[in-house]
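Take a look at this single chain, the form predicted on its own, given in C-alpha cells.
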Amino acid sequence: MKSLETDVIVIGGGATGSGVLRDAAMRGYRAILVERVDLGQGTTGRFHGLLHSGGRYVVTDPRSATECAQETAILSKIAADAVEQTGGLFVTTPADDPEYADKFAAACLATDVPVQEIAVAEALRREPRLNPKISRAFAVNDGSVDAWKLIWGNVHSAMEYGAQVLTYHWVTQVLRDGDRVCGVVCRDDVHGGEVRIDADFVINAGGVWAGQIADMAGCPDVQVVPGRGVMIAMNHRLVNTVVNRCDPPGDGDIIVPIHTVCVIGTTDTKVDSPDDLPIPRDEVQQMLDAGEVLVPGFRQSRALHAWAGARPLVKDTRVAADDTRHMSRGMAAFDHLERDGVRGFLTISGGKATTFRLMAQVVVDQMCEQRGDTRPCRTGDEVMPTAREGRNYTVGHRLADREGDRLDDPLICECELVTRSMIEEHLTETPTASFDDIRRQMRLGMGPCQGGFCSMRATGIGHEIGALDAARANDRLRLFLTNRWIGLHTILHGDQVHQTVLDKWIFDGTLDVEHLPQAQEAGQ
C-alpha cells in the first residue's frame, strides 16, 4: 500500500472542497484533496450556473441572501475568468402574486442585497423575449458562473502553495486512533491499489455524501438530505440576463444564460440516494411549461440536454422531512470534537456554490481554533492564478481566440470551438482522462450535436498521438456516448430528434460502437 503524510486531508472535489484546499494551503498547511471521481462531477457540476445576487432568498432565507450578495462581489474579483456579469431581473408575471413584489423589495433592503426597480418598458428593452404582460421588474446583481473553471481556479491556486489533488481516489476508510481521526485509506481507481494518507486533520467536504463520510469516522447522524433538481439547457440564449420570477422560490422559476446556451431550473424533490437521480419526463415537461411563463414560445425552442443534480440540504427540523423546497440553503459546520468527542475531524455541508469560499473560511477557521494556531484567511483578497488578467468571461471569448489560430489549429468541436491542440495537450498531460473529464474542462460535446461529431474526432486524436490504444479509445467513446444519452431521451422533440437519429445512424449503423473491441485492463 502506498503511503503519504500531510497536515490536512480534504475529502470532496466540488466547489467547497476545492475552496477548503485553497484556504488551507494559503494559510501554510500541507494539504491533499481526495475525490472519488473527477473534480466537479457531483453537485457543483450539476446546477444551473447561477451566481446568486441573494435576491432569491431575501424573504425565505435572509441570512443566505446576505451571504450570497457578499460572496458574489468577492468571486467576481478573485475568479473573474469564471464569472459572466450578466445582471439579473426579478419580474412579476401574470402567474405571480402581485403583492410579493413590495415584500421582495423591502427584504432586499433589509438583507443588503442591491436592488433597483426599473420600468417594465426598460426590462422589455433589455430582454425582448420576456413575457410582455409582466407588471413589475427589479434589477439585481445576478450572474452566471462556470463551475468547473471555478474549481480549477481554486485548485491551481492551491497548487501554487504546494497542495496536491488526487482524483479517482475513493475513500474506503476514515482512520481513527482512539478519539482522534488520523487519516484515510483510498482506492486508486485509475492505477489500482490502495493509498494510505496520514494527517493531523481531516475535513469532510463531501457535500451530499458528507453524512456517509461522517459515518465512516464514527460520527453518526450528520443528516444531509439529497434534494434532486431537474434542469434543461436550451439551444441558445433566449435571454442574456438571469431572469427570475418575483414570487416565493418554486419550480422552473429561473432562466440562466451561460456560455452559448441558457438553462431553466429547477425542480426540488427529496430522493433516497444522491447516486440515483432519475430525470422524470413529467418534470422535464414541467420545466418547459414553466419557461413559457417567463418567455412565451419557450417550448418551441430546441432543448439540448436535461440533467439532475442533488442539493446537499442539511436536515431542517422546522420543515417536513421530505420538503426540500423549504429547507434552508445556509451552510452547516459540524465540530465533531464538540459534537461527538472526536478530534481532528470537521464536516462542512449545505450552502450554495456561490458561498463556497465563505464555507471554506468557516471550516478552516474551526481547524485553526482546534489546533490553537492563529492563521488568518486570505482567500477573499488574492486573485486566483487563472483570473490574474482581471477580466470576466464573455460569451464570445472563445470566438476571439479562434480568430487568432483558425488557420493553424483545426476545430474538433465546432459547437464549443474546441481545437485539436486543446485536446492533444490535455490527453498528453492526463492520459488517464476520460472524454467526460475533457468535457468538464473544455465543454467538448456540450453543443447541439451533443458529441455526435466531436466525440469520434477526439477518440481518433487520442489514438493517433499514442495516449490511448484502440481498445481503450473505444471504451471511452462508448462511455461518453452513454453519458450523453442519459440527458437526451426525455427531451426528444423536433430538431433534437433529427439530430439524435443522425447520431444513432453514425454510431450504431456506420461504426457499430457496441461491438468494437473492448479493453481488458481493470479500471480502463
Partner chain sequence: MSDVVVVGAGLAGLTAAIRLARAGRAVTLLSAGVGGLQLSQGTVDLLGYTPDRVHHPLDAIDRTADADHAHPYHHLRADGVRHAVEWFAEVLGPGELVGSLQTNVHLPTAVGALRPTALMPPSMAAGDLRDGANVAIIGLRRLKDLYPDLIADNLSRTDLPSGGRVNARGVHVDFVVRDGESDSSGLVTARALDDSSTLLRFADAMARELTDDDHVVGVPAVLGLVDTQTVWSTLQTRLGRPVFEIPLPPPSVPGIRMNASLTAHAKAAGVRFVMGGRVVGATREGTRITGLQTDTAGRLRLTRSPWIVFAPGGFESGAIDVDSYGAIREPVFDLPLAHVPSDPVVSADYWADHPLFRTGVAVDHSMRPVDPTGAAVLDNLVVAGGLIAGATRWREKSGEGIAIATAVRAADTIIEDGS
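Positions refer to the first chain, counted from 1. All values derive from a computational prediction rather than experimental measurement.
Below, we turn to the form predicted together with the partner chain, even though it does not appear here.
Using a 4.5 Å cut-off to the partner chain in the predicted complex, not one of Thr172, Asp215 and Arg378 places a heavy atom inside that distance. Screening Glu414, Asp276, Asp177, Glu429 for any heavy atom within 4.5 Å of the partner chain in the predicted complex leaves a single hit, Glu414. Checking Leu481, Met26, Ile32, Ala69 against the partner chain in the predicted complex, a heavy atom within 4.5 Å turns up for just one residue: Leu481. Among residues of the shown chain, Tyr161 is not one whose heavy atoms approach the partner chain to within 4.5 Å in the predicted complex. The shortest heavy atom separation between Pro62 and the partner chain in the predicted complex exceeds 4.5 Å.
In the predicted complex, the partner chain lies within 4.5 Å of some heavy atom of Arg457. In the predicted complex, the partner chain stays beyond 4.5 Å of every heavy atom belonging to Asp251. Of the candidate stretches 341-349, 404-412, 191-199, 266-274, only 404-412 has residues whose heavy atoms lie within 4.5 Å of the partner chain in the predicted complex. In the predicted complex, the partner chain lies within 4.5 angstroms of at least one heavy atom of each of the following residues of 476-497: Arg478, Leu481, Thr482, Trp485, His489, Leu492, His493, Gly494, Val497, in sequence order.
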